[in-house]
Structure formats: structure tokens, C-alpha cells
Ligand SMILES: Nc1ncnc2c1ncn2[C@@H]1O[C@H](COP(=O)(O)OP(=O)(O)OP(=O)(O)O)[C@@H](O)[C@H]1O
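There is one chain below, alone, in C-alpha cells, taken in the form predicted on its own.
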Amino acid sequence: MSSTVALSGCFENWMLASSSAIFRRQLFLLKTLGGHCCRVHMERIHGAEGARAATLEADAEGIIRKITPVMDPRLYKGQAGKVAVIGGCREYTGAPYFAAISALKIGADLSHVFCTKDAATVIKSYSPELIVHPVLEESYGVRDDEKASVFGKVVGDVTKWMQRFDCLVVGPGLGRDTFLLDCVSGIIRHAREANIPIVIDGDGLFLVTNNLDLVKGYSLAVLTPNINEYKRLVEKVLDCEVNEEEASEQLKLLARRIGDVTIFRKGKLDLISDGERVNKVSISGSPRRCGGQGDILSGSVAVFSSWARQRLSSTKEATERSLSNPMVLGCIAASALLRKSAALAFASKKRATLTTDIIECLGRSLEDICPAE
């Protein structure tokens, strides 16, 4: 604490000679946050554009129109997107279904779910549209002397499909069984080697927060934390509390510290950053906060980021560096579509609105923004 007070005193003398509102704000932060957060804010003051970070409202509907592929009869199955969800265990079968079916409702051609055997039959019963692979294993069904061989089989069963996918969604309904999480860690490493984009949500964020090397430095990774998951990430990476007054700058710093990843901070306003700049989506959504909306979002990010990659690889248009990241574009598009769909569902169902009602509004909401014809 003594070093923090001394640091604040030095800055106070400096501030007296400055009329800058930005620096007065920094002094307040130095005095109130203390400890490691002081060092975080010092880093931001001296870092490139640190104290001048701006939050920009994204042109979400414009992005959706730009990256959504046209409906072309010459396309064949799979060209509009192939998504895989890694998740689903005994306790949780709804979350992987919501993520996978949302991808199809938006316009992906194929949607796979890799889950445990206990979850597979249940998930299959929800929809015949999903391709379900009962290959994941939990520790209760594996003897200690079998774990090495079962680990290799599980990872192998998933990775043999890897090159067929445009994006993986890791975490919905995954649970926290230690052996299962070890297997998923192996799957993530193989996805990185294959250069497959990864959206990390739900229990996948629990896994990644405790092992940041899984995504550190991987520019095709997206983390989609809710308020509690974001709090744990900030505490782990920045060693301080969430600072709502400096939310945008803290998010940008968090993305930089992890390294190249895109972070989608869910909340009243959605904030998205890859460490270059912060994009905001504030389109009105729904006051109904039924469970499962985050799963819709993760499936949506997977589809839109895949489309954005295709768009960017096929065009030579000059774009801003911060808006040439397909994962950022995918997050912005997914945020806007989910918010519009939730608002549409709420207008009809009010307090009775469920996640399935929102899913049914995805297609209509996308059509309103970007007509198929």
C-alpha cells in the first residue's frame, strides 16, 4: 500500500499542472483501485492509445448484410457452413442443442454435436437435423488404467472430423468432469493445429480460465463470458476486480494480456474486443433473461465468423485493421441478431418467452435485415 500511496502522490503533483480530464480520471483510478490495478492503469497510460481507447457503436446490421452469403442454387451442401458443438453430458443436454440448432436456423448447412453417450440419445430426440456423435467420456465410466487409451480414442474420434468444420463451439453443457475436460483440452489443441476457429462458452470458459495456454496467442479463438465468467477471467489475468467505469479499456487490456483472442463480454451492452479496439452493440433486446440465450449466441458467433472468414478471403476490399478480424465481425453480427430475435419473441410471448421462442425468431430477424432474395 505504501508504494501505491507514493505513486498516487507523484501523479497528483503532475496532475496539478494538467487540465486534461483524462489524466484527472486516471488519478482517481490510481487512488481508488490500488495494488496490481494501479500497475494495470499505469500500463494503459503508457501503452499505445491506452488512455484514449474509444468504444464505438458497431454498424451491426451493415456487417450482417456484408458477410451473409447470398442464396445461390449453385451452392452445394456444406458451403454455407459446417459447425460442431463440443458439449453435452448427463446433466446438461439443452445447451448443446440450443447452440447447434441455432447455427442451422441462421443458415449453416450442417451442425454436429460431440457429447457423452448419456446425452446423445436425448439430444437426438430433440431434432433429427443434428448429427450427434456419442464419443465423449466422463471419469465415472473409465478405470484409471484405461484413461490414457480412452483419452487417445476420444480425441481421435473428434479430430478425424476436424477438417470438415468451419468452426467449433466448445463448452455448452460440457460439465466439469476432470477427465472430460482433459479430453476437451486435447481437442482444442488439435483444433489450433488445424487452424479451426473456436468459440469458447459455458464450461469451456471454466476450462480455459484455468489453462489460458489453450487459447493464448490464437487469433481464431473467441471467448464469450457472462458477468460471472468475465469476473473470473479478470481476476485470473489482471489480478484485480471488474471496473465498470473503465469497462472498455479493461476489456481491451484483458484481450491483449491473453494474447490475440477476441473477447465478447455479454451484458446490458455487449462489448467486443480483440485488443485493437472495442466495439459496442446496444440494440434493444428482451428484458426476459431465460436460460439458454448464451448458447444461441455461441452457435450464432460460429456461423457468422465462418461467413466473415469466407467473405474476407474472397474480397480485396480495403478494410480497417480492427474490422478485418472475422471473429470480431462474427461477434458483432451474432450480438445484433440475438438481440433482435429476443425482442421479437418477447413482443409475442412476454413473460412466457423461452429460449426455443427466440430460436424460432432467428430466421425472421435475419430475413428482415438481409432478405434471401
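A residue's number is simply how far along the shown sequence it sits, counting from 1. Given the structure is predicted, the values throughout are model-derived calculations rather than measurements.
Absent from the display: the form predicted together with the named molecule. The rest refers to it.
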Exercise for the section: Name the stretch: of 141-149, 191-199, 260-268, 102-110, exactly one has residues whose heavy atoms fall within 4.5 Å of the named molecule in the model of the complex. Expected result: 260-268
Exercise for the section: Note which of 74, 77, 289, 160 lies within 4.5 Å of the named molecule in the model of the complex, where distance is taken over heavy atoms; exactly one does. Expected result: 289
Completion exercise
The one residue among 293, 248, 209, 185 placing a heavy atom within 4.5 Å of the named molecule in the model of the complex is 293
Problem - Exercise: residue 83 in contact with the named molecule in the model of the complex, heavy atom 4.5 Å - result: no
Handout entry: Close approach of residue 58 to the named molecule in the model of the complex, 4.5 Å, heavy atom
Key = no
Exercise for the section: Indicate whether residue 297 is a 4.5 Å heavy atom neighbour of the named molecule in the model of the complex. Expected result: yes
Exercise for the section: Look up in the model of the complex whether residue 226 has a non-hydrogen atom within 4.5 angstroms of the named molecule, and give yes or no. Expected result: yes
Exercise for the section: For the heavy atom contacts within 4.5 Å of the named molecule in the model of the complex, list the residues of 334-370 involved, in sequence order. Expected result: 338, 339
